[in-house]
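Okay, here we've got a single chain as structure tokens, the form predicted alone, with questions on binding and movement later.
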């Protein structure tokens, strides 16, 4: 038990290191905030939609893009600079390093998500919904962060651009099938089936229900789905990085 606690402390140290090196940069912060805003504006221009109507999608996109902004490229960067090799030569388990990367993405996503969350709390969410929306954002940030680190497992490369490109091929389709631009209940059957496999769907659905009173799934289903996806992404990240670490360091 003491060893696990020590490894968890080291994960937090790694997370702080990642934030200082990779996240506290203008382009990363801008990508987390401005890009989702432009997507939302592109969707709403000419449609005379009130701010309250776009807040669920804006909150979902901001949380998603902020929590996945740098995660896919941290391991390749660490590999290229040989810091991953140095870390693993210390008394640090591989899962500790992976968890540290996940936590750094989580904290960054949580900080950036404060902006749309504050708007939502002021404009759209009833006081009774705050108790669910805030924990929902926390769970969503952890879920998306675990996904971002999972996306860096294959291929085991030291080129960050490669993993960022491949992660974009996953992230952007998820945005368009997750009920952000078109509510799930307005999608055809095949669209609802596709939406059900996206973790972003359940966070967006929860935000839509708490802000607008219009949800497709029960809130318990949304929360349970995000918990399950978080556990699956974390476990898959640990296992896949264990399988590729030898090839990555060779």
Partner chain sequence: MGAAIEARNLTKQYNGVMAVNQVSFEVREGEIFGFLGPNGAGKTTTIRMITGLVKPDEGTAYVAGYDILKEPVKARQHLGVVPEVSNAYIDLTAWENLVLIGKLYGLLRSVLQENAVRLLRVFGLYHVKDRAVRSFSKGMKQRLLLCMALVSEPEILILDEPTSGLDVESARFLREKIVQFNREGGTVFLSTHNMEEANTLCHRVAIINRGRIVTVDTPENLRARITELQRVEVVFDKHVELRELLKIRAVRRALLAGCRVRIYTPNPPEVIESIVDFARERSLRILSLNTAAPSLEDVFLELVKGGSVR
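Numbering follows the first chain given and starts at 1. Because the structure is a prediction, the values reported are computed rather than measured.
The form predicted in complex with its partner chain is left out here; the points below concern that form.
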Where, among 114-122, 130-138, 82-90, 167-175, do residues come within 4.5 Å of its partner chain in the predicted bound form by heavy atom distance? 82-90
Determine whether any heavy atom of residue 231 comes within 4.5 Å of a heavy atom of its partner chain in the predicted bound form, and answer yes or no. no
Does its partner chain get within 4.5 angstroms of any non-hydrogen atom of residue 244 in the predicted bound form? no
With the partner left out of view, is residue 240 within 4.5 angstroms of its partner chain in the predicted bound form by any non-hydrogen atom? no
Within 4.5 Å, heavy atoms only: does residue 250 come near its partner chain in the predicted bound form? yes
Note that its partner chain is not shown here; using its position in the predicted bound form, name the residues of 4-19 with a heavy atom within 4.5 Å of it, in sequence order. 6, 7, 10, 13, 14, 17
